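Starting off, we have a lone chain in the form predicted on its own, written out as structure tokens.
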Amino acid sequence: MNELTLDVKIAKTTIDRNIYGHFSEHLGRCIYEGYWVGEDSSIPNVRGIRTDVVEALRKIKVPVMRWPGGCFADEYHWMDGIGPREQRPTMINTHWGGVVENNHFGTHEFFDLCEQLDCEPYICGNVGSGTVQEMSQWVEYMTFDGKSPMTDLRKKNGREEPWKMKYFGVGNENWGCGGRMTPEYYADLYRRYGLYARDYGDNKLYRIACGASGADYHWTETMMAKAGDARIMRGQQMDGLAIHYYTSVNRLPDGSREGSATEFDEAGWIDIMSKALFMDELVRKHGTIMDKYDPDKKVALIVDEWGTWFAVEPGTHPRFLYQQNTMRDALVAAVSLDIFNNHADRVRMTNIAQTVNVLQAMVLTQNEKMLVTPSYHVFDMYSAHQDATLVPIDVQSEQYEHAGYSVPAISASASVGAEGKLHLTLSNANPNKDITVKAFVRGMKGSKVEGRVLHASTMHAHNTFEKPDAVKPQAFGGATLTAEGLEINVPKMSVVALDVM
């Protein structure tokens, strides 16, 4: 039995557009060569930021961008990235390959990128190796519209008006690369650093605390008890708590991962599907702890690093985390976004890692060439959910079983947009079987259905610079209106997006 049941009349929760957010770190070729080519480059650019990447990302309506890390954030000292570029000091990126950073892409360039993308900036501050003063001055430099040494410095560097900057992360992975802290110690630091990351004028910060690694529920309990109470924080409370979870095979002692992104068997396919679906348990269990301290759900659960993580592509730098992106990654993106949508009452931002040339990227570049990945197409197909109203959905799915694993074959989420259309996204994780799904739609009588499908003939299908359109969405004719709603023939290992009018 494969059935969806949904009622448009009980839709009430907004799917925050920031659930479709992105993450870009100073790692490998994400920033340099990915976004930044410099103003003198032969690659078309606007003030050094490559045009083709910006155009591609604007198409999928990137709502928010997290920067500069990641692990890099807790060794980044922002003053190294301002002023005339030729005078900026260089540094060693100790986390990601020991390469030399010239700091040509800094605060001003990041805000320029966000303005070109028409997205919100989300800046992650340095708690691991930085001082309270350093973080406080960065916020002042970016957002204060008054007389102070930091505003004078900003104006000297060419920016007269302050930027609008809402989202600010107080540290990153402080349980690991951000300082190897206990949750009790970090909670105290969060309260201290968060206090001095001040609101200036009408710019109100949305302070995001470092959350747990995967299933570390003690971290969430501690953070909510010590830093999640507005009465304790006196207006400087935690607005969001950010957990991290990567879908991968096995982690090696050096932090790298096993398993090829493109060469895997069906056991490798279903293993990753099972691990991606674990995100639902993480969101539910962390959310339950948060409910204990925050029953009104004022503190958002944020997943500001998620996605697949495999071994790097052969011949590439082992710490640049460059991997290809197949239909397996597309299915991971689809089931993850369905999970986030269906928990939109608590989940209000997620940031896939990472946008360009790193891990589960949207875009890959090679000198002047650029391509978009299967995961990019999923974000495009799901973009109609941004700021739409969640339609609660009950999914009854047959199991897909292989190699000792058993997972639901069908995943789905639904929303209704301001224009009154019903947006339904669903996927079939079974690589061997098409599945017919009956959708019982209450509260709306459709007269027309349109859709797109992303699928391929093999699990390993991906786009290359020689064949950049090998995997791309096609018009979908497999959905039929019925008296009760819809009947949908979902092809094997595919993602489908429907609009019902």
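Numbers for residues come from their place in the sequence shown, where the first is 1. Remember, it's a predicted structure, so these values are computed and weren't measured experimentally.
We do not show the form predicted together with a small molecule, though everything after this point is about it.
(request) Answer with one of 413, 354, 323, 375: the residue that has a non-hydrogen atom within 4.5 Å of the small molecule in the predicted bound form. (result) Contact check passes for 354.
(request) Have a look at 424, 210, 333, 359 for me and say which one sits with a heavy atom within 4.5 Å of the small molecule in the predicted bound form. (result) Comparing distances to the small molecule in the predicted bound form, the residue within 4.5 Å is 359.
(message) The chain here is shown without the small molecule. Which stretch in 22-30, 445-453, 462-470, 44-52 comes within 4.5 angstroms of it in the predicted bound form, by heavy atom distance?
(response) Selected range: 22-30.
(message) Within 4.5 Å, heavy atoms only: does residue 71 come near the small molecule in the predicted bound form?
(response) Output for residue 71 is yes: heavy atoms within 4.5 Å of the small molecule.
(message) Test of understanding: in the predicted bound form, would residue 159 fall inside 4.5 Å of the small molecule by heavy atoms?
(response) No, residue 159 sits far enough from the small molecule in the predicted bound form that none of its heavy atoms falls within 4.5 Å.
(request) Mark residue 380 yes when one of its heavy atoms lies within 4.5 Å of a heavy atom of the small molecule in the predicted bound form, and no otherwise. (result) Although the small molecule is absent here, residue 380 would stay clear of it in the predicted bound form, with no heavy atoms inside 4.5 Å.
(request) Give a yes or no for residue 305: in the predicted bound form, does one of its heavy atoms lie within 4.5 Å of a heavy atom belonging to the small molecule? (result) Yes, residue 305 is a contact residue.
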